[in-house]
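The chain below stands alone and is given as structure tokens, in the form predicted alone.
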Amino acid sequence: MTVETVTAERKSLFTPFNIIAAVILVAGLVVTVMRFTGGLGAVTNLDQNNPWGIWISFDLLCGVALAAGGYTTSAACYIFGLKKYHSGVRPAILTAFLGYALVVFALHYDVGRPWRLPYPIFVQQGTTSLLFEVGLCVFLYLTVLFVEFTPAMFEWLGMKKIRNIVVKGTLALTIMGVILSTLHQSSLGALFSIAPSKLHPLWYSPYLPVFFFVSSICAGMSMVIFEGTLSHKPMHRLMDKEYLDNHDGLILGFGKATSLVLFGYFAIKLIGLAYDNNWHYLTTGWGAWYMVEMLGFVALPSFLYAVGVRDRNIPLIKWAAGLTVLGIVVNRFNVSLVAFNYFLPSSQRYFPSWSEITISLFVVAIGVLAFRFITTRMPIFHEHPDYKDAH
């Protein structure tokens, strides 16, 4: 190995991305040791009034919603027969699989005793609990996502026979994924419907399960566009002609669908507001923030999507996707943190500690690095040479 080669490898290793990722990973490992040796009190600002913090709001609620691209893309391709979106299925499935795997990983920090995480499912089932239903569905759907992801892994490993067996069950796996996603996406909203006295009336509604499910569809399709946009430049050399040729068509198709779903979501949110007759809250400070969420993160991206599709303006659709992804995060934070326990004085309100934020960044960094590791080795953005035209 020449001196020039060693120098080039060092330059490729010490990139800004790698340096920032390394700092986050080291900090995350330090806080992890603090968490599992000193308990929740050593690293969080949680208390009896605020038992759920950013690890639930961001790592779980946002993570599950933004991983919905798996079931939306596979359903579009395999159930609704939109084969033109096939090139986007594997990146969406991989993103969903990593998203759900990291949700389970992050949940260990909140539970505190990881070995007890499967206890409610396998030892003592609480079948009347919404959390049991959420846990069971996430466990099953993570399994389904792993099986859906394995064809790419088997192609990489050269295991043709088992790969062909799994591919034959694609439709059944897709249907199971849609059913399980419908159940737990809505049940996450239902978790907050049992706390009407704690959640501000503008965000509380008996329709919360419907709100969470419909918004997850918007989140899933927008995340497919957003992830594709972020991956396009660094992963461009890995993308084959089919992926690149169909990429703009996928963006236009998903942009049109997301515009319609966002419009429907806006309508049912207004129905929920009218059902509870909470119009008078709109004149308060909380009402102003609610209008920011509804107009800035629902109505505006719906309009931008529509204009972008009409004008075939791909950059505008990508901006709308980013705004929608941010809007989902804002909504989940509003329901679980900002508007939760809204009546408490500011001194008793929860705000995450630096170590809680560090762990959330740690989880995201692991996800990004895992995505990069897999996509640079397995046929995610391209067809394996041995399986050209096999779909």
Partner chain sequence: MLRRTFLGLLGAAGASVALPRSAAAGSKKFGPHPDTMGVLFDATRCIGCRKCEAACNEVNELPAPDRKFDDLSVLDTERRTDEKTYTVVNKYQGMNGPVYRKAQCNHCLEPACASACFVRAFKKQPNGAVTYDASVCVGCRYCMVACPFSIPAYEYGEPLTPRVMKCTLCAPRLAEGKLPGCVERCPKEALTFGPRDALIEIARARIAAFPGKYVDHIYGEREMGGTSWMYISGEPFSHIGLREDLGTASAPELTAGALAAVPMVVGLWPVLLGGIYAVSRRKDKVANEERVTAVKDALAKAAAEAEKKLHEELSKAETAGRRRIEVEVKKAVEEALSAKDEDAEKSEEEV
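Positions refer to the first chain, counted from 1. Values in this document were obtained by computation on a predicted structure and should not be read as measured data.
There is also a form predicted in complex with its partner chain; it is not shown, and the following applies to it.
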{"item": "Residue 342, heavy atom within 4.5 angstroms of its partner chain in the predicted complex", "value": "yes"}
{"item": "4.5 Å heavy atom contact, residue 288 to its partner chain in the predicted complex", "value": "no"}
{"item": "Interface membership of residue 248, its partner chain in the predicted complex, 4.5 Å heavy atom rule", "value": "no"}
{"item": "In the predicted complex, residue 242 touching its partner chain (heavy atom, 4.5 Å)", "value": "no"}
{"item": "Within 4.5 Å of its partner chain in the predicted complex, all of 110, 116 and 209 (non-hydrogen atom)", "value": "yes"}
{"item": "Interface segment, criterion being heavy atoms within 4.5 Å of its partner chain in the predicted complex, picked from 304 to 312, 227 to 235, 196 to 204, 142 to 150", "value": "196 to 204"}
{"item": "Listed residue (316, 190, 106, 252) with a non-hydrogen atom within 4.5 angstroms of its partner chain in the predicted complex", "value": "190"}
{"item": "Residues from 52 to 70 in contact with its partner chain (non-hydrogen atom within 4.5 Å) in the predicted complex", "value": "52"}
